[in-house]
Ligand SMILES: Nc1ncnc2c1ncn2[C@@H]1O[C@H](COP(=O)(O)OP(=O)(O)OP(=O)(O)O)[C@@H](O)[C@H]1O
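The data below hold one chain only, encoded as structure tokens and taken in the form predicted on its own.
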């Protein structure tokens, strides 16, 4: 199972839309087995996939009371099915903020590795695990990042937003003692065809020093409409430009995560494209 965290300390840049869209396209359009972890106390991803329960079990129990830390919960017991055959979710709720405090107070060897240990239980059940992180660099997010293979960091035009991705890179440096392979790859979101946006995109890909996905995500009012309807974007607007952008990003992600010495079929915008990938 390949674990992908979607994380940014800045709000309003499409973090949850990115996580949910990638999960949907991997699962429902490419028939990958996908587990979604909601690591944000707001529970927006849980709501989008129809799994939000204010009194239900989920990420808090996974981190606080899993059998690997002497608790009474197995990972498989906390997984919720969705209306999408290829996508399951471990949901979150507001209590996740208290979970952060509980983990912070525990001085234990597995304080920051317990999620990685818990996910081992279901590693053969899924192809991908997509994690929607909260904005704060707290104990919940640290557990997610240490378990991950890659961090996808959305970034939009703006000096503060760009500074945020560099700050994130500095913050995860200390985590590499637990996860040496941990790395960040940025996605430019809300990109417009104006001079400022295009110049910023060029700078991101050249002088910024950040590793970036080739495909930018264009700005569209359809994204806001999808969030109002609490519907995953590629289902809400199957042929919309932003859905097409996310399909291209998923193609890049699959090529990178699954290796280039393979042959596969990647579905784009409702049609199937056969790829022969060579070294």
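Positions refer to the first chain, counted from 1. Computed from a prediction, not measured in an experiment: that's the story for all the values here.
There is another form of this protein, the form predicted together with this ligand, and it is not shown here; the text below is about that form.
S.K.: Within 4.5 Å of this ligand in the predicted bound form, do 11, 218 and 223 each have at least one heavy atom?
M.R.: Checking in the predicted bound form: 11, 218 and 223 are all within 4.5 Å of this ligand.
S.K.: Can any non-hydrogen atom of residue 40 be found within 4.5 angstroms of this ligand in the predicted bound form?
M.R.: Residue-level check for residue 40: yes, a contact with this ligand.
S.K.: Given that this ligand is not shown alongside this chain, does residue 82 nevertheless sit within 4.5 Å of it in the predicted bound form, heavy atom to heavy atom?
M.R.: No, residue 82 stays farther than 4.5 Å from this ligand in the predicted bound form.
S.K.: Given that this ligand is not shown alongside this chain, does residue 189 nevertheless sit within 4.5 Å of it in the predicted bound form, heavy atom to heavy atom?
M.R.: Because a heavy atom of residue 189 falls inside 4.5 Å of this ligand in the predicted bound form, the answer is yes.
S.K.: So in the predicted bound form, does residue 231 come within 4.5 Å of this ligand, heavy atom to heavy atom?
M.R.: The answer is no: residue 231 has no heavy atom within 4.5 Å of this ligand.
S.K.: Within 4.5 Å of this ligand in the predicted bound form, heavy atoms considered, which of 86, 135, 185, 73?
M.R.: For this set of options, the contacting one is 135.
S.K.: Which one of 63, 242, 250, 34 is close to this ligand in the predicted bound form, taking close to mean a heavy atom within 4.5 Å?
M.R.: Looking at 63, 242, 250, 34 one by one, just 242 meets the 4.5 Å heavy-atom criterion.
S.K.: Just one of 40-48, 23-31, 63-71, 250-258 has heavy atoms within 4.5 Å of this ligand in the predicted bound form; which?
M.R.: Stretch 40-48 is the one.
S.K.: What residues in 17-33 sit within 4.5 Å of this ligand in the predicted bound form, counting heavy atoms only?
M.R.: If the 4.5 Å heavy-atom criterion is applied to this ligand in the predicted bound form, 17-33 yields only 17.
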